[in-house]
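As structure tokens, one chain now follows by itself in the form predicted on its own.
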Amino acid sequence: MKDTPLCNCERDFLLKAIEEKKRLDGRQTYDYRKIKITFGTDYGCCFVDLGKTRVMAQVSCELVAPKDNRPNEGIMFFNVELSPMASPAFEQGRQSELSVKLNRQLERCLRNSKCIDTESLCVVSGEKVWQIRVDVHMLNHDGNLMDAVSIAAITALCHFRRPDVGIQGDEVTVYSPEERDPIPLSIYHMPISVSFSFFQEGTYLLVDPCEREERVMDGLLMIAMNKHREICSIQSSGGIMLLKEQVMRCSKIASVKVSEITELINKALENDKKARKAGGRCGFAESMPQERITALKKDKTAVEMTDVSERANEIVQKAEALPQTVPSPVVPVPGVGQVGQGPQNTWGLDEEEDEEDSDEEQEEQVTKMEEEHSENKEESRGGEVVEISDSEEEEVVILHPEKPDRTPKNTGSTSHQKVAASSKKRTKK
């Protein structure tokens, strides 16, 4: 799986920030990210955190036959593994160009610089020697892998202890740690790699580039050096031409960074040695209560709690009083939509005109209904209801008068005459 490329906007943003001497994480040009070194429960297991880049190194050993051309020297073997867990760009079981490059640079940095006494690894000349294997696993990739790999490898080698060996005639006996204390490796110096990235044909220089800065850089310079200011290896990549003054400037910066990192490694090794000697928990043992690994341990954050009440009172006094009532939202301009509680939604001028027309029609209907209601009341008052009852037939007839016309005036007499005529017919029957 290939890594997702950067878009042009992000690339231009990064280059513009580098021109203004600004970095994404707020560092200065020559600043390193925070380095954290922790050790595992066993000897030779080391974890290095360089910012968000996380690397694990594990050292192991075994007795093997020596090489024919070097029968009195031990063997050093390095293996860098890039797992998909660190980055989706890495593939499982396939060596990429980056892994080959890291392996070669690590071999130049540690094996070719003769930082370890390989003759002390010989058990029987020409027959048995110790083979020291350093496996480096990438746990998270956030740029500058070479520096993290070199720090993890040399720290794990310094922390490693090989078993003691006894020789009686042709018989070789390997003692366990319970029988005899393990023996540390003979290390002359600690070479550490420092990476420099160049931008815009070498105009701008950054130390310890992160992953996004590596994508937009034009070239990379890696210098491996020890605290004695001795250059163990140097490698340039990216096809950029560097001047002698630039290389000398980078070597001076590297000497300062290497001395600081070497002091940090020595301090971490000393603290681990004291913890193991005191019999306290060290490495993964801190995270294994009741033989179970729990969450990773996090650093404590210091919080000042002395003047909390005073600061809280100041904030409350400076704060503005909250309004008692929330004003209803008002649409400032017709044609603006509004959703939520408040006045009705108005989405245009046409709907407002329709609403006005509908309001006028409703008012007209209300006025008509009121007029009809008043007329009915007048008629009920003007006309009388006549009830005719007969005890023999036990019938009740209610005669409603017809609606009188407003034009003639003698409407009442005609209605009385009709009632009288109908009553006479009823009596004759």
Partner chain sequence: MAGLELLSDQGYRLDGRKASELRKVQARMGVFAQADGSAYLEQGNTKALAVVYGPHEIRGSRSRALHDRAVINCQYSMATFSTAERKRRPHGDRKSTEMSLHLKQTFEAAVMTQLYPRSQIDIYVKILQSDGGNYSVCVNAATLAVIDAGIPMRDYVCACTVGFVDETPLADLCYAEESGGVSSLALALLPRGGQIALLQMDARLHQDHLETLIEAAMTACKGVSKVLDEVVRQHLQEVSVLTGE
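From a predicted model like this one, the values you see are computed outputs, not experimental measurements. Residue numbers count along the first chain shown, from 1.
We do not show the form predicted together with the partner chain, though everything after this point is about it.
message = Between Ala275, Ala89, Leu269, Val247, only one gets a heavy atom within 4.5 angstroms of the partner chain in the model of the complex; which residue is that?
response = Comparing distances to the partner chain in the model of the complex, the residue within 4.5 Å is Val247.
Selected contact from Ser186, Gln200, Asn72, Asn79, since only one has a non-hydrogen atom within 4.5 angstroms of the partner chain in the model of the complex = Here the answer is residue option Asn79.
ask   = So which stretch, 89-97, 162-170, 148-156, 120-128, is the one near the partner chain in the model of the complex (non-hydrogen atoms, 4.5 Å)?
value = Going through the listed ranges, the match is 89-97.
inquiry  = Taking a heavy atom within 4.5 Å as contact, would all three of Arg108, Met225 and Gln235 count as contacting the partner chain in the model of the complex?
reply    = The answer is yes; Arg108, Met225 and Gln235 each reach the partner chain.
key: Partner contact for Ile240 in the model of the complex: the partner chain, 4.5 angstroms, heavy atom   = Taking the distances in the model of the complex, the answer for Ile240 is yes, it comes within 4.5 Å of the partner chain.
key: Contact test in the model of the complex: Thr262 vs the partner chain, heavy atoms, 4.5 Å   = No, Thr262 is distant from the partner.
request  = Give a yes/no on whether Arg180 approaches the partner chain to within 4.5 Å in the model of the complex, heavy atoms considered.
outcome  = Flag for Arg180 set to no.
ask   = For Arg215, is any heavy atom within 4.5 Å of the partner chain in the model of the complex, or not?
value = Flag for Arg215 set to no.
key: Any residue of 249-266 that, in the model of the complex, places a heavy atom within 4.5 Å of the partner chain   = Stretch hits, in order: Ser251, Lys252, Ser255.
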